[in-house]
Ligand code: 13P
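Shown below, as C-alpha cells, is a lone chain in the form predicted on its own; questions about how it binds or moves come after it.
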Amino acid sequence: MTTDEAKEIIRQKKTTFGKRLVILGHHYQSDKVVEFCDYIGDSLELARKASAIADAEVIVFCGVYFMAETASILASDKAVYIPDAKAGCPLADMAEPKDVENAWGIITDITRSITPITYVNSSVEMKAFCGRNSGVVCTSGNAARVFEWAFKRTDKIIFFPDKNLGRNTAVSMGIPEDMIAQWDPSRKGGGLDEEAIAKAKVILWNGWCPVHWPGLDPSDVGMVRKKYPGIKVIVHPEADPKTVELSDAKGSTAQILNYVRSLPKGTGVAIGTEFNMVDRVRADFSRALNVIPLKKVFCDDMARITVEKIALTLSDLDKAHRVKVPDKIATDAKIALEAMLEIS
C-alpha cells in the first residue's frame, strides 16, 4: 500500500463512518498522521476529549499504548483501537508493578501518611495501583496542582515513574532538595534507609523519558544561547533539573504552545521537546516568530503510527488491534484518572 492509497482509504472511511469515528492524535505525531486526526493534544487534553466524546462508536488513537489504554478506560462504551500495538513507552516500562508494590510495602511500614501519584506516562497497572491506594494520576501539565492536592491529604508523596518531572515539580513548589529522595528499584530497599524515607516529603522513582533525558542537556541550552543571543528557551519538564533551571520556562506540550503564543512578534524561541511538534510550531508561527528546536529529538514509538497503519486499521476493525483493559484493573485505574480530571 502506498502512502497516497492509504490516505484515500482513510478519507473514504472517515466519510463512511461520519460521526461514529473519531481519530485522536498526540502532538508528537508526524504531519502525515495529524492531517487525519479530528483532535490533537497532549495527554491531558486527549484524556479530557476521550472522556467527553458522545456520538462516536469507534476511537482510533494515534499515540502510544498507555494513551490508548487511558482512552479505553475513560470511554468504556467505545471501541478503542491503536494502529500499532507495539507503540510503547520506555518510561512507562520503568515502573514494574511488582517493584512498586515492594516499595510501597517498605515505605508504608515507616509512614502511612503518603499518597501515590503516577504520571500518565505509566502502565494501566500503575494507574490501578494508585486508584486502590487513594492516589491519583497526573500529567506534565497539572503535576503541581496534583502535588498540592496530595499534600492537603498526606505528609508525603511517592511519584513514579519520571524522576525529572517529579523533581522539577517539587523544586518549583519550594520543597528543599534534602526533602526529596529517590527510590532505585534495582537496589535493596530502594537505596534508602529508614531515616531518609522518614525525612522525605517527595520520594521519586528512578525512571526517565529517553526523548527528554539524556536527549536534552544543559550544554544544549548554552550552545543555543551562544548562537542566538537573546533567544528564549522553553523545555519539557521531563528534562533534567539543570536543563530546566537554565531555560526561561518549562511546560507540557499544551503549555509550550501557550508560551509561544504569548511571545511578542519577532521573538526567537528554542523549544526542547519532540521534533515533530517543534517543526509544526515553527511552521504555524513562521510569520511572527523565529522558532527552532533546542535539539532534534524524536520519539521512535510515536513514529510507529503511520497513515498506512491507520488505513489498515480502518479497513478491517475485526482484525485491527482493539485496546481492552481487564474490568478490575480498569475500575481501579478509572478512580485515579477521574481524580486527575477533577483536579485539572
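Worth saying up front: this structure is predicted, and the values here are computed from it rather than measured. Numbering starts at 1 and runs along the sequence shown.
What comes next is about the form predicted in complex with the named molecule, which is not displayed.
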query: Contact label in the predicted bound form: Y119 to the named molecule, heavy atom within 4.5 Å; finding: yes
query: Contact of D42 with the named molecule in the predicted bound form (heavy atom, 4.5 Å); finding: yes
query: Exercise: H236 in contact with the named molecule in the predicted bound form, heavy atom 4.5 Å; finding: yes
query: Partner proximity in the predicted bound form: L314 to the named molecule, non-hydrogen atom cutoff 4.5 Å; finding: no
query: Every residue of Y28, M67 and T253 near the named molecule in the predicted bound form, heavy atom within 4.5 Å; finding: yes
query: One stretch from 172 to 180, 225 to 233, 119 to 127, 192 to 200 that, in the predicted bound form, holds residues within 4.5 Å of the named molecule by heavy atom; finding: 119 to 127
query: One residue of S72, N168, T243, S140 in contact with the named molecule, assessed in the predicted bound form (non-hydrogen atom, 4.5 angstroms); finding: S140
query: Residues of 308 to 344 having any heavy atom within 4.5 Å of the named molecule in the predicted bound form, listed in sequence order; finding: none
